[in-house]
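Okay, so here's just one chain, in structure tokens, the form predicted alone.
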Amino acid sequence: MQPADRIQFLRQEIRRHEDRYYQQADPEISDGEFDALMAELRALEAASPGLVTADSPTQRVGGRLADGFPSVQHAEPMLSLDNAYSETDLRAFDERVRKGLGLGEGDPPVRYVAELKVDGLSIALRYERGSLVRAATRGDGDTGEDVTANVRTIRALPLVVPGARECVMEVRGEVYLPRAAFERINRQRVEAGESLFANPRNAAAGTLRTLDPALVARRGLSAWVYQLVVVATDGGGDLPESHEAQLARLEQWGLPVEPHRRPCAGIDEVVRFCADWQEARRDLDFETDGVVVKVDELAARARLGATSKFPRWATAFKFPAEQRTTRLLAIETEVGRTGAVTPFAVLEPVVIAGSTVSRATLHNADDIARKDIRPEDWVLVEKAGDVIPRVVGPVLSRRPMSAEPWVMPEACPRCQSVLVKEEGEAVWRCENASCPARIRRGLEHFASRGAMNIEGLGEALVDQLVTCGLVRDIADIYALTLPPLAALESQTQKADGTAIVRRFGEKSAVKVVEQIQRSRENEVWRLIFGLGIRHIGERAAQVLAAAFHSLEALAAATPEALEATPDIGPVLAASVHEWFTAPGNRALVARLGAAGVRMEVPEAERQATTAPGPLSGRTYVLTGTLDTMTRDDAEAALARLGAKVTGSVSRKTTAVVAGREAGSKLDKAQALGVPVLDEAALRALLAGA
């Protein structure tokens, strides 16, 4: 057989086995036999480079991307979904659908399709003439990040769809990390002395956004698709007229469609489906946090339309947060970068929402006292949003006689300095700037994505650097060199107690040093934020950089000058002035400047910040949680367009942007008649501006 023929045969065989493994869950050969086929194909292609094609299975793992991810415009907006939390909410959704379709009591029920809501990262896949040409994250709904090189490594997604060669289409889906892969990755991270991923969704999102496709391939991401958006066809063709037929077509083409969906004749069947899966979901090999309910008929969807935020023909039923009862073994405290000392619960391990929980947040001492939570109590624990464990409260009927009220310690748990609490605050603080815990947290903050964005300088490496005495403050980061970094060693233990010693290594050290070098040219606002000045977040740092243009000018600013800066009130002004007044902090800034860290805003950027933007003169307030961006990202986006973002609502407020679980600011806006924007309206505002 000629090499070209053998290569073609191997590609067909590998694709067939991938389909049986990922789509049909019915493999014919072992993993070793599959790897042998892949190895033979790689060898043949290496010997005949001219025969390599972009859709070959060997091309799933690409090289390292150079400069992040370019933007991609979606064929249609990827809207969010309205939420339902109860049977009452589901029936109210059905009533709205029936009303929108003009159906009365005597008319037949609406046909729905109920699908498990996969807890992963939304993705849009563009196939042209049957070949995968682009993959993008959801982003802001209109524009996402081009992650094609990473998505090509996901074996569940075919690179070629022969049945779709007559159309250009965008397929929507969800990338997720199977439970087994998540547990494997966390075991590896424990052995490597790295911090653990909190949950599979975070791990999947972080993996898909890494700049190393080879790492993505090793992680073992998978995917399900759930929607077909046809962009263009050659001569029309028999396109599906219902959602269920659409999903069947995608399955026929070899794309992975989650198999547990159910066509439902009316809302009663939808309610039963949701109830059935509330507990059964624990048996799946992936995380799901609810059920997506969609009108099946595409023509009915078109009649129902969409709001600026979500389609009227679909809703997401969220499973209630899972709660478990367990023993509160102890209440301990930890120290943050600003010196805030916060309590947390040490629990008898309990499985909640598919993972073992042994500690949970307790917020602050006042909250503990208000709920009367005591060590030795039996407590009710839940995962807020199936992610963050928290103690709901004690089970008083099971309280042991020996349980005593908990009292906040008077000394820092790390350096034994006396803790202080300012009047009107709920937080106790360690004010010792040399506290080892504060130093570690401060270094982690400085290197974090929102600040100086030094990739690789995470919790585990910071702990090694501080323990070995290589780094005592953030300026020391810029004195790090390859030899001492590469020689760092960490020790972990296997489950059997065997010690494992690992060296950091030259390859890892080179990457960190490169990241440190790159960070010297970061925007000045990132440096201001990274310094860890109390009360100064990303938005305030951007405002200060735009107003003062340099660290020297900021350090010399009087409290009056600081307070006169837009969005910088008396509390923030006092905090900034106090920080720069400390001789040690001034010396720290001088050392950073001597290390080559950018200290001034370039002239071109200064001119850009003074130019009026399309939203100049408008004032916005943000409240609640946004799904597609962080609050800081939203503030920064509004600020770039000239808008002012404040923390309080008044009659002069242009609009309040309200996310999930919006609080009193939303109530005040409604009372004052201030316009309220949801997240989709915010995205539309930003895109239009």
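Everything numeric here is computed off the predicted structure, so don't read it as measured data. All residue numbers are counted from 1 along the displayed sequence.
Below: the form predicted in complex with a small molecule, not depicted.
S.K.: Pick from Arg526, Arg138, Arg281, Arg152: which residue has any heavy atom within 4.5 angstroms of the small molecule in the model of the complex?
M.R.: Flagged contact: Arg138.
S.K.: Find the only residue in Leu554, Leu208, Val118, Leu362 having a heavy atom within 4.5 Å of the small molecule in the model of the complex.
M.R.: Looking at Leu554, Leu208, Val118, Leu362 one by one, just Val118 meets the 4.5 Å heavy-atom criterion.
S.K.: Is the gap between Leu79 and the small molecule in the model of the complex 4.5 Å or less for some heavy atom pair?
M.R.: Leu79 belongs to the contact set for the small molecule.
S.K.: Does at least one non-hydrogen atom of Tyr127 fall within 4.5 angstroms of the small molecule in the model of the complex?
M.R.: No, Tyr127 stays farther than 4.5 Å from the small molecule in the model of the complex.
S.K.: Please tell me whether any heavy atom belonging to Phe182 falls inside 4.5 Å of a heavy atom of the small molecule, as the geometry stands in the model of the complex.
M.R.: Heavy-atom contact with the small molecule at 4.5 Å: absent for Phe182.
S.K.: Give a yes or no for Trp277: in the model of the complex, does one of its heavy atoms lie within 4.5 Å of a heavy atom belonging to the small molecule?
M.R.: Outside the cut-off, so no.
S.K.: Could you tell me if all three of Asp567, Tyr620 and Val649 have a heavy atom no more than 4.5 Å from the small molecule in the model of the complex?
M.R.: Judged in the model of the complex, none of Asp567, Tyr620 and Val649 sits within 4.5 Å of the small molecule.
S.K.: Thinking of the small molecule in the model of the complex, which stretch from 262 to 270, 80 to 88, 332 to 340, 209 to 217 has heavy atoms inside 4.5 Å of it?
M.R.: Checking each option against the 4.5 Å cut-off leaves 80 to 88.
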